[in-house]
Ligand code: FO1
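A single chain comes next, written as structure tokens; it is the form predicted on its own.
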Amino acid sequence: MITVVSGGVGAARLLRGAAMIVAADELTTIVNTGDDTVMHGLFISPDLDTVTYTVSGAIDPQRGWGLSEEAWTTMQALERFVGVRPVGSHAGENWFGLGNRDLATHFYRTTRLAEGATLAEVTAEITRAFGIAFRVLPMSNDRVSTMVTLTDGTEVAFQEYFVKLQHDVPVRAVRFEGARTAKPLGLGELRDSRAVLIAPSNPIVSIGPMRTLAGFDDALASRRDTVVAISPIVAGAALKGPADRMLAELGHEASVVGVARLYSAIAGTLVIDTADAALAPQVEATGMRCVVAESVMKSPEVAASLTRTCLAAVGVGT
């Protein structure tokens, strides 16, 4: 079995390629749910949905999230209530975009959870409905919420920072509410897989929530030599999202070297892009093996090649 530790867009693109070369019954991914939120009474799992939509080919290719051929009339219709909403009420807010077709996924998830199904059970049903054959696991059935403290001392939930504030404000701390008591899923897969890949996702807010769960880091550290991480930082910048700025704001180096320092205890190998080849010696100085490869996944074929590179680094064939 191959297990991929996943966040959002970068992980979804990697999985799209991995699914091309790894048999479905040999592939599992454990996905961050610290970004999960409730809007308009609906339970939303952004990273799970990005993985589902991307791998199934249903994703909007321009935005990189949500469904293609989407309509937004429901969100637009909420604007009529702006003038009557009482101060402090969240009714009718439309800063978090939910497309008309996308709403169906959230309706289904919310109702099934209300019926007593676990998030893992609902995720399995949703991924099957989208034709995904490999196993997609949420990191926990329990709620964990990523909370971001801004430099002015205000603490906001991750989606407010990421979407409402457009991740354009500096941060000074991140914490994961509920992580100490949440029961992790996928520890057996982490221990028993032939290889574990840590996808090119934000190390702080995409991979970080999973690492705070009891036993998660221990499972990776126990088989460190067969864990391969892929840097989400290329030439000092994140390809998408605030990973580079967030690393710097929280006291880490926004480079492949900074990523290596964060992962060296749990992963024996770091894959970096060709643009960062000159930094390979500094990566290896952290105690990690460094592999240089094309890591910007411009197509599913590049993602498949990147997956092969990662597996070959630990002696696993496809």
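Every value quoted in this text rests on a predicted model; they were computed, and no experiment measured them. Note that residue numbering begins at 1 and tracks the sequence as displayed.
Keep in mind that the form predicted in complex with the named molecule is not shown, yet the notes after this line are about it.
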Within 4.5 Å, heavy atoms only, which of 178, 92, 97, 236 is in contact with the named molecule in the predicted bound form? 97
Answer among 141-149, 220-228, 81-89, 157-165 for heavy atoms within 4.5 Å of the named molecule in the predicted bound form: the stretch 157-165
Though only this chain appears here, would residue 65 touch the named molecule in the predicted bound form if you measure heavy atom gaps against 4.5 Å? yes
Would residue 244 show up as a contact with the named molecule in the predicted bound form if we use heavy atoms at 4.5 Å? no
Would you check, heavy atoms only and a 4.5 Å threshold, whether residue 276 touches the named molecule in the predicted bound form? no
Contact label in the predicted bound form: residue 270 to the named molecule, heavy atom within 4.5 Å: no
Can you name the residues of 42-63 that have a non-hydrogen atom within 4.5 angstroms of the named molecule in the predicted bound form? 44, 46, 47, 49
